[in-house]
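A single chain, nothing else alongside it, follows as C-alpha cells in the form predicted on its own.
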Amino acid sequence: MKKVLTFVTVLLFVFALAGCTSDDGVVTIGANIYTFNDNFMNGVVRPELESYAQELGVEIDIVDSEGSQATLNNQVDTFISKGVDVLVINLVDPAAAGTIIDKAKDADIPLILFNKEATVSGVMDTYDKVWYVGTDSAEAGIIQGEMMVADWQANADWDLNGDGKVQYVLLKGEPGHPDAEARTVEAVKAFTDAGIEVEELAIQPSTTWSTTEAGDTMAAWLTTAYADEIELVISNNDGMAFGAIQAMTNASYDIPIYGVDALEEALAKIGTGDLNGTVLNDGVNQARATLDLAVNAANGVDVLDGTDWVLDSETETKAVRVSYVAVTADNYEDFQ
C-alpha cells in the first residue's frame, strides 16, 4: 500500500511540473506588440524576441494588437484559452494594466509586462507572478537633454536671434505613455537646469510615434510664421525624427535635431550629419531580459535564476530596467 501511495505521489509531482510547460516539455509564450507600425518595437524588439526564443528553445507566438487595448484584451483571452505557460505583454494603454493582470491572475499564469509600464499605483502588487521589463522612463530624456545642452553651448550660431533662449519644437510620442511623458519633460528640463531659457514654439503628439505623421507635422511647421525661428527640433524617438528630417530636406532647412532609440537608420544619419544625436534604447536586451524572466517564471523558479539581470529595489523588486546610452557623432560607429 505504501508503494502505491508513493507511486501516486510521484505521478502527481510529475503532473504538477508538466503543468508549467506544453506536452512536449517546451515552454509556450503568448506575446504581443502594441502595434507593428512602431519602428522600434517591430523593427528591433520583435525580431529579437523571435530569435532569442529560438535560441532558448521555447515557442513564442507574437501578435499585433494594432494599437487597440480591446484587441489586446481579446488576444490575452485567446492565449489563456490555448493554455500558454506565460504571457509577455506590451500594453497598448498603460492605465489598463490592471485588466491584463487580473486575467493572468485568474488563470494563474505568470505575466511579464514589457516596454510600457503600468501607470496605476499599486497595480503590480495585486499579483505575485507579474513583473516588468523596460527602462527608467526619465533617463532617456535626461541623456537626450544633456547632449542638446552640451551642443547648444558649443555652437553659438545655433541661437539664430541671439536672445540666449532656445526656441524649439517637440515631436512627442503617444500621449500618456510613460516614456513619452518623461522624455518630453526631462529633455526640456535639462536646459532650465543648466540655466538656459527655453521657448516652446510648438508640440505635437503621435499615438503611434509615426514617421509619416511627424513628417507632415514638421512640414506644416515650416510653413508657419515662426518657421525661421526654430532653433532646435526635439523628438521623442528616431522614427519621428526621420519624418522631420525629410520635411526639412524638402524645404531646404537645416535645424539641429535629436531622437531616441539608436535605430540603424539613425546611426547612419548621425554619420551623414542629418541627425545630431540619439539615445540607445536597448531593445535587444529588453527582449532578452523579458524572455529570461518569462521562461524562469513559467518553470516556477526565481525569475533571475541563471541571469545577470537585477530587480529594481525602488519598485519593490518587480522590475528589471535596461540602461540607456548617449549616441553622438563621436561614438555612433560603436553601435553600428
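In this text, all values refer to a predicted model and were calculated from it rather than measured experimentally. We number the residues from 1 along the sequence you see.
A second form of this protein, the form predicted in complex with a small molecule, is not displayed here; the remarks below concern that form.
- The single contact residue among 131, 79, 209, 258, judged by any heavy atom lying within 4.5 Å of the small molecule in the predicted bound form, is 209.
- Only one of 49, 41, 295, 275 lies close to the small molecule in the predicted bound form, with a heavy atom inside 4.5 Å, and it is 41.
- Looking at 197-205, 67-75, 178-186, 211-219, the stretch with residues near the small molecule in the predicted bound form, meaning non-hydrogen atoms within 4.5 angstroms, turns out to be 178-186.
- Under a 4.5 angstroms non-hydrogen atom cutoff, the small molecule in the predicted bound form lacks residue 32 among its neighbouring residues.
- Not displayed here, the small molecule is approached by residue 115 to within 4.5 Å at the level of heavy atoms in the predicted bound form.
- Although the partner is absent from this view, residue 237 contacts the small molecule in the predicted bound form, with a non-hydrogen atom inside 4.5 angstroms.
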